[in-house]
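Here you get one chain, nothing else, as structure tokens; it is the form predicted on its own.
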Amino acid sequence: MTNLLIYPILLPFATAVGSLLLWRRPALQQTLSLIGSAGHLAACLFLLAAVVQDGIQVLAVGNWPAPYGISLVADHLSVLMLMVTGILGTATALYARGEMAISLRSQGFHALFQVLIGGISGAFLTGDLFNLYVWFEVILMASFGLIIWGQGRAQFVGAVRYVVINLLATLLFLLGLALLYGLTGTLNMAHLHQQIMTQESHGLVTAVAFMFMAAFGIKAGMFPLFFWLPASYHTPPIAISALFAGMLTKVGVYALIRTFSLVFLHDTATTHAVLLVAAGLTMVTGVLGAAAQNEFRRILSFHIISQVGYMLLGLALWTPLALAGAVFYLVHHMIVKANLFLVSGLSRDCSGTLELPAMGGLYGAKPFLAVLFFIPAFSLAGFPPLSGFWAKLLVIQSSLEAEHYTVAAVAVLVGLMTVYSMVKIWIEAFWKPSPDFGPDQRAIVPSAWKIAPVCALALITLCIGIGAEPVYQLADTAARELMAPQVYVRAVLGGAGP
């Protein structure tokens, strides 16, 4: 059963190689990419079933035992993230089939796309920090290639900002790795959990922890390190920006949750207090930035930041309910945010623009599109019984139980401001009369390739909201594993370690 861990990584890279071999056959490239994405989703679901049935799965690559060899580890948090990765990978591959011309799709898009999916899967499954760094670099290279797709000036500007700030994160990550290895002699996360607890220089370990917090915070879009995100996520084609919005910042959030629930537990009073302040400021700055925008994807980009704050809040509170809320929020937000970006693409097809003042009349002209927008938008805002309501409820309830009333009030106010942004898009794009098209605006009819994944993701959002109990049970199990890291350590090391 442990061999299942290799397939979510192996299948995307094999598909990428196959796509390169079919360089001159774009139609076959497209078919292979769709088959590879569906196969990746199936592999993730099989691994999810194995973890639910048998507990944490560990694969020692090359039969080198931990902490000396490379370990792949799948617990409930990992497999939930993988499952959503598979869903979003398949959905965006379908959407890209309808969005991009064959000439563009044949120019390496599928290879980069599959490498990105493989890199994200590797980051979720790795059991040591050095390989997490390697997977981050794979993600960075593939995402840079995708973000400049189409070669527009705005894309190059956004890509430069994206790469420069992520290189800073890489530098901080590498420095942190060097210091941590010098202190402990290991980078295996399970082994680090044991070694750090025996360190006498807690102040130095805390300083290293803050380096990791900054590095992962940049990738997550945490305050004050988020400024690169709204400058870049609105520039590439819709399918690419949807995948970025759903996945990339969540890899950073996942890394923060993993390291600050497994590795850096020596001084939670300090580290988690800083995370608590950062979470509140991330929520506030993100939602205020969104309120000031008048372009569909820019509003959504700023709301990525504000919603990351809720996830960080669950980690910072450090209770089982708060962590369950953070995991539930991750699952909900990845699906909803990617779907909103896809809906923005359909709206652009129907109106010819993404500038809200130039949009209008979509409710009367395309009522089905209005429904497809309403479901993820008001789930993001936290309307019951949609998935966002339960996610916000868990986080806010845990804040109240921990007697952090100020941050609970901030979470509620940010939710109300999110409602304002979604209502703003609704009024401008859907409700108000349609303005006359300008000379550069051209409406087209969205294809079934674009509509189908939007419908599927909206249906998943409804299912998570109406049938929240199974997802909550998985999130609660993941939270309890995170709160009891010795379970993870035993699964990876067995009798190894001090």
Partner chain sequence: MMAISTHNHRSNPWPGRLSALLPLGLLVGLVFQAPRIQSGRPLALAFEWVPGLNVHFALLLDGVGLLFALIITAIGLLVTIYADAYMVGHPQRNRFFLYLHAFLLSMLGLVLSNDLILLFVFWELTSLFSFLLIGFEHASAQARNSARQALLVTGCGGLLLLVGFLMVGQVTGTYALSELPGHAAQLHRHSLYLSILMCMLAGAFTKSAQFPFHFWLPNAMAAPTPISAFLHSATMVKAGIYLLARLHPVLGGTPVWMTTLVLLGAFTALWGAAVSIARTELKSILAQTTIMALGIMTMFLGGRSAPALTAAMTFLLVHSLYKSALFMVAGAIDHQTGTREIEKIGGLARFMPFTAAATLFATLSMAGFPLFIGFIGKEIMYKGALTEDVFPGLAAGATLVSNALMTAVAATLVLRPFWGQPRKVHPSGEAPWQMWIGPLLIGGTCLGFGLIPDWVGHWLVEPAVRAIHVTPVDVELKLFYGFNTPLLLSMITILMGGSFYVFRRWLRRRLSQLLPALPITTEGLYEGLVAAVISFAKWQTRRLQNGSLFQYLVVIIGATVVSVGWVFLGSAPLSALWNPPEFPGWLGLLLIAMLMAIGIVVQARSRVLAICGLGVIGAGAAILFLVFGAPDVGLTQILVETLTLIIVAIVLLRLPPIEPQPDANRLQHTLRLTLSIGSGVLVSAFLIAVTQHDVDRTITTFYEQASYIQAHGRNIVNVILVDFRSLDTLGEITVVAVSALAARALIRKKRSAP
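This one's a predicted model, so the numbers in the text were calculated from it and none came from an experiment. Numbering follows the first chain given and starts at 1.
Only in words, not in the display: the form predicted together with the partner chain, which the text now covers.
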Here the chain appears without its partner; judged in the predicted complex, the stretch of 73-81, 256-264, 180-188, 312-320 with heavy atoms within 4.5 Å of the partner chain is 180-188
Partner proximity in the predicted complex: Thr90 to the partner chain, non-hydrogen atom cutoff 4.5 Å: no
In the predicted complex, does Leu394 come within 4.5 Å of the partner chain, counting heavy atoms only? yes
Report whether the minimum heavy atom distance between Asp128 and the partner chain in the predicted complex is within 4.5 Å. yes
Does at least one non-hydrogen atom of Lys366 fall within 4.5 angstroms of the partner chain in the predicted complex? yes
At 4.5 angstroms, heavy atoms only, are Val160, Thr285 and Pro385 all close to the partner chain in the predicted complex? yes
Out of Leu459, Ile466, Ala27, Val52, which one falls within 4.5 Å of the partner chain in the predicted complex, going by heavy atoms? Ile466
For 281-300: residues with a non-hydrogen atom within 4.5 angstroms of the partner chain in the predicted complex? Thr285, Leu288, Gly289, Ala291, Ala292, Gln293
